[in-house]
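Okay, so here's just one chain, in structure tokens, the form predicted alone.
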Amino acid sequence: MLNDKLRTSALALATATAAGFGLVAAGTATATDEDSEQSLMERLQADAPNNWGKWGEDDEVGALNYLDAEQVLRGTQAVRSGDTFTLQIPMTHGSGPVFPGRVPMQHYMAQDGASYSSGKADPLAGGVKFSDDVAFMYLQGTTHVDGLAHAWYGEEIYGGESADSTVHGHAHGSVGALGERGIAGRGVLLDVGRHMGGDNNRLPVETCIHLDDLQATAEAQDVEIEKRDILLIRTGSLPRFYEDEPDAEWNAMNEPGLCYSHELLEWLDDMETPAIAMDNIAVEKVVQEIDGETAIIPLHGALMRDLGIVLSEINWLEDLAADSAEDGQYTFLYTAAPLKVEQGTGSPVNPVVIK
């Protein structure tokens, strides 16, 4: 019976993936190489900042190179109370916010109390009994970190490696490289949802977050964004998935998020930003209009492929944000340990913030 469940799950995953690719392909029809000599992203990024080669030809962790020992110590200096906050959403069978084309985790018991009461399993010598379980999931099917080769445009991924290096697993820029390094440094929470969201402390759907919004939020919070800070940006969108009110219906395609601009990219590059973690499905607003053309997740290409900035999505920031609004402390030690998935495109993660 378990094998049947697993086969059904695998089929569902494959079907959902195909549907998801169809959705993305349809959405980008206005900006393909067939329509013009260069794609929209290739045109936009021609004069944008680029970190290829900055840390050597074999580099696979990009802007995480900014997080040296000095930066980790700077993060520890932000700790005051020792209070901790975990940022992962619950991993629940068949339920959870995921990007279109993915399905939430499928979790099954391989052995449990029923195995013994039904006579299908015997206690171990001495009488001990145990349970076992198995999970099938997209590696980006919960709070997660993306490897730098997860998204690209043109024919090259981060560092100028051929996109063919992603076939059958990422030979370069996999999340496994991020897992080997780990992520630790001073984090700063920018609660844009509370600053711009009105009475419910939540940004309306379809809201674009621009650089001046981030800077205005920092000013309102009386916090200084410093070089090499890990940015945690709260929109307030994620709770919509868990709420029952009719006006709170969650939709990945209309969530608020960062919007593409050269000004934003240049600022992030100047600030030597190593990583961005947000409480929405894609960090950025999924569908954007740029120069009269439709672009889907353009910042994924600009941030990961060109700047090597590590992205973390679907973070639960509500408890941290409420606590920070109460005590006025928006800086802390941020730590995250992606799993060492060799050649993987992404990894589940449960970040820990220590205030």
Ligand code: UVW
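Keep in mind the model is a prediction, meaning the values are calculated, not measured. Sequential numbering from 1, following the sequence displayed.
One more form of this protein exists, namely the form predicted together with the named molecule; it is left out here, but the text below deals with it.
Although the partner is absent from the chain shown here, none of 74, 183 and 186 has a heavy atom within 4.5 Å of the named molecule in the model of the complex. For the options 190, 178, 281, 277, the one in contact with the named molecule in the model of the complex, meaning a heavy atom within 4.5 Å, is 281. Contact with the named molecule in the model of the complex, defined as a heavy atom within 4.5 Å, holds for exactly one of 102, 172, 194, 228, namely 102.
None of 142-150, 162-170, 210-218, 114-122 except one has non-hydrogen atoms within 4.5 angstroms of the named molecule in the model of the complex; the exception is 142-150. For residue 321, no non-hydrogen atom is located within 4.5 Å of the named molecule in the model of the complex, even though that partner is not displayed.
When contacts are judged by a 4.5 Å heavy atom cut-off, residue 307 does not count as touching the named molecule in the model of the complex.
Within 4.5 Å of any heavy atom of the named molecule in the model of the complex lies no heavy atom of residue 40. In the model of the complex, no heavy atom of residue 64 sits within 4.5 Å of the named molecule. If you take 305-327 and check each residue for a heavy atom within 4.5 Å of the named molecule in the model of the complex, you get just 313.
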